[in-house]
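Coming up is one lone chain in structure tokens, specifically the form predicted alone.
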């Protein structure tokens, strides 16, 4: 099936050089996977900014947030016998995993959805406390009943969790701590209650049993979650055979809740697909992409910090048109338009 994405000719919209480091001594390595929302007549991105520090000969440098909320650097000799350094994103040292970059969230806005800038008065969001010591990543934004819900990946030596903060003005935030414990990520809250309940997609993972599957959860208040159900699994001999994870909040259509999700194969190629859920009971899957809607093909998608990746957790909907903002090659922020009707027609019932 043909790739359905109509990529912006201006791609990449954002590169690491387009934003400044958060503090002296740090350097921006990657811009990734923005959450997207409308606010005060503009389109906004809440972009994951991944930083590290300048290289030091003979050492692997790992940035973390210390107990005082400041960035500190762990130095690991690059020839140490207990160092495993085969992945650009993660190192393993003395039995523990560390990220090679430290991520925070940066707010940018645009009048036209193409040219983005950092507005004055809107501070970056940083990890706070023991459970966010390795940073916060991949924020998804849901607007529900006058409030913005920010679900994000919180990383620390204790594991990967889902954190939640809420806001109404994007200047003051209320932190609700961890809402899904390790190992969990890719959490997207629906933008409408169903039968009086909040719903969310999330992605627990197991190294022993199960796999990287998409689950559904319910909540009476948006904070405490239960009635978990596994609803979307990887598929053998398909483009999404290794892992799947939710994108942004599902889109309500006449036919059901449409979710754009990412899937990866065992060659670590990340593509986008779609799944359709029942309007009254999202645990019922109506249809799903047999082939991906979007495959990394452009140079900025195939080459970068971690190549062959298109990954989204944010979009804007205008009638039949979805504008998806996505991370490309774990380094750039790009955009593409899709037709909802075309996506629905492509699904395999």
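All values derive from a computational prediction rather than experimental measurement. Residue numbers count along the first chain shown, from 1.
Omitted here: the form predicted in complex with another copy of the chain. The next part is about that form.
A.B. asks: Can you tell me whether residue 126 touches another copy of the chain? I mean in the model of the complex, with a 4.5 angstroms heavy atom cut-off.
C.D. replies: Heavy-atom contact with another copy of the chain at 4.5 Å: absent for residue 126.
A.B. asks: Could you tell me if residue 204 has a non-hydrogen atom within 4.5 Å of another copy of the chain in the model of the complex?
C.D. replies: Residue 204 belongs to the contact set for another copy of the chain.
A.B. asks: Since only the chain is shown here, I'm wondering whether residue 104 would be in contact with another copy of the chain in the model of the complex (any heavy atom pair within 4.5 Å).
C.D. replies: Residue-level check for residue 104: no, no contact with another copy of the chain.
A.B. asks: In the model of the complex, does residue 254 come within 4.5 Å of another copy of the chain, counting heavy atoms only?
C.D. replies: Looking in the model of the complex, residue contacts with another copy of the chain do not include residue 254, since no heavy atom lies within 4.5 Å.
A.B. asks: Just to be sure I understand the contacts: of 99, 133, 73, 194, which is the one whose heavy atoms reach within 4.5 angstroms of another copy of the chain in the model of the complex?
C.D. replies: It is 99.
A.B. asks: Work out which of 239, 148, 215, 122 lies within 4.5 Å of another copy of the chain in the model of the complex, going by heavy atoms.
C.D. replies: It is 215 that has a heavy atom within 4.5 Å of the partner.
A.B. asks: When another copy of the chain is placed as it is in the model of the complex, which of 139 to 147, 217 to 225, 112 to 120, 245 to 253 ends up with heavy atoms within 4.5 Å of it?
C.D. replies: Comparing against another copy of the chain in the model of the complex, the contact stretch is 217 to 225.
A.B. asks: Taking only heavy atoms into account, state which residues of 169 to 193 are within 4.5 Å of another copy of the chain in the model of the complex, ordered by sequence.
C.D. replies: Heavy-atom contacts within 4.5 Å come from 176, 177, 178, 179, 180, 181, 182, 183, 184.
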